[in-house]
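First comes one chain, alone, set out as structure tokens in the form predicted on its own.
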């Protein structure tokens, strides 16, 4: 970071180099507060014919400059600094997922323990984990070597053993990787970076296993004791190597690195960073989701613990066929309240894969796409909850042998009743024709319980703010609150299964709006409560149902409004839709009408 006083920073230029689009935003200090003022975008140019990522960056920045009436580039297309009148900026920062982002191979002795910790470190740094190699992953050594050779990761994270523990098994892992001679994606003279984050006692024999074909570095153990994870040093090293090795060999990135005033971050890592910053500042539990064409990222912060997962085959264009296969068509169609021909829908799915940038042109196509999105989000959240667990192998009455064979044991730290903020991002969520549709997709897929605030990223600026938070936290937080988040409203939902036809809960609302009444099992109700308004909601759940204070116990909370309003949900959790015992089409139609999803 260039030596500059944060108080002197008044104009900030930030870009996010995505796989298809490069997005630039301008942030300015107005009346003592930082605001996002202008935005531009251009196609990413990391591939031929340009093969220079800075071409797309300058195109996006040129659009911002034209809109803002501010000269940001000189005659040589260099970014002007510092700001002076109507030209230049004080700092320039960037994130990137161009060229497939950061792709890593992870290896650990025990899949459910040290390998899981290493995977959490890699995912938290913004990587896509291509595979996890471990001593108990049921593949024979030659199969593991073959797999390592097939993959072309950007770097490898090797872990294993607690400090002072066994040395043998982690050295055996190193002896699998070394002869496989893994080749990187970029650069013919590029030495594969391997980060060792395992038992400190095994460092010397591990170092002797590798030759000069790799760039080997050591950081603190990701699992120094069974009951302790230490992911920070590994994440920091991943970021540094990403910048030094991976980015430096991608087309044009050496030039981009020389332009920026702070290290370039992988886009998902930056998104996770701003979510962590907000959760820490406000002392809340938060979940964020970014659903794209090929993957769905889920981020969570519960009780200060951050987790991120990448569902690599759950997306809305390139991977839409995988969603249909994994969720099954009946599960998708249970969210559809109009007649549709399954054969026609399957053709629509294949066309979306062929033409990934197309958007729905009819109401029927929109309803189907949002039904697919519900299933993609639901499946991605299930995977996230399975991964975001307490440390396995800790405080359990098991033998040492059991630790190496257990399939489960860690409890998920994701608790929907404790969830305070749910943030949506990604085309199908951010660009839904009505914000009511975004709110409905979030509620149906994530099934929040108790009192949960719903929001969406207005123009996908969370990556920009994530890297800005490393440089100027105040500016990042101010823009996040004022311009990034669009609050949709609050969802109030009961956990448990209400008895059909009976009262699920009674409610009383006071404040900027007032209302009281009963919610019958299976009902949804939307009440107008704008973004500036607040209300106190008192809930008295039926026996056996919970809204945050315990089964059958009344609870009262102040809630905020939003673009959609206050949503009362008496459908129960887990949500039962379709099949013999779930909600039928008539009931789904009632939900659609209650939420005004497709009103003219």
Partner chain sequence: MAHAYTPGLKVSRQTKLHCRRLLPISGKVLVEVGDSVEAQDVVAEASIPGDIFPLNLASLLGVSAADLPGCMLKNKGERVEVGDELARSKGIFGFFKKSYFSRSAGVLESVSKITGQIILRGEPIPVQVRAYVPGKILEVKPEQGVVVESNVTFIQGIFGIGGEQYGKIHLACEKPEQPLTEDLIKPEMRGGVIIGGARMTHQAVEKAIAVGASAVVSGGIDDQDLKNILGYDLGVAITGTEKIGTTLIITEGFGDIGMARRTFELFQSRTGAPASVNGATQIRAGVMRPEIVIPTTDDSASEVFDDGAVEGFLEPGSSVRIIRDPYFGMIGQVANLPPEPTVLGSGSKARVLEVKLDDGRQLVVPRANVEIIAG
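Note that this is a predicted model, so its numbers are computed, not measured. Residue numbers count along the first chain shown, from 1.
There is another form of the same protein, the form predicted in complex with the partner chain; it is not shown, and what comes next is about it.
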**Fill in**
Answer among 191-199, 147-155, 371-379, 301-309 for heavy atoms within 4.5 Å of the partner chain in the model of the complex: the stretch 147-155
**Complete:** Of 470, 390, 530, 322, the only residue with a heavy atom within 4.5 Å of the partner chain in the model of the complex is 322
**Complete:** Answer key, the partner chain contact in the model of the complex at 4.5 Å (heavy atoms) among 84, 358, 514, 341: the residue is 358
**Item:** Close approach of residue 459 to the partner chain in the model of the complex, 4.5 Å, heavy atom
**Value:** no
**Prompt:** Are any of the heavy atoms in residue 172 no more than 4.5 Å from a heavy atom of the partner chain in the model of the complex?
**Reply:** yes
**Prompt:** Do residue 318 and the partner chain share at least one heavy atom pair within 4.5 Å in the model of the complex?
**Reply:** yes
**Message:** Given that the partner chain is not shown alongside this chain, does residue 482 nevertheless sit within 4.5 Å of it in the model of the complex, heavy atom to heavy atom?
**Reply:** no
**Contacts with the partner chain in the model of the complex, stretch 344-373 (heavy atom within 4.5 Å)** = 346, 347, 348, 350, 351, 352, 353, 354, 355, 356, 357, 358, 359, 360, 361, 362, 363, 365, 366, 369
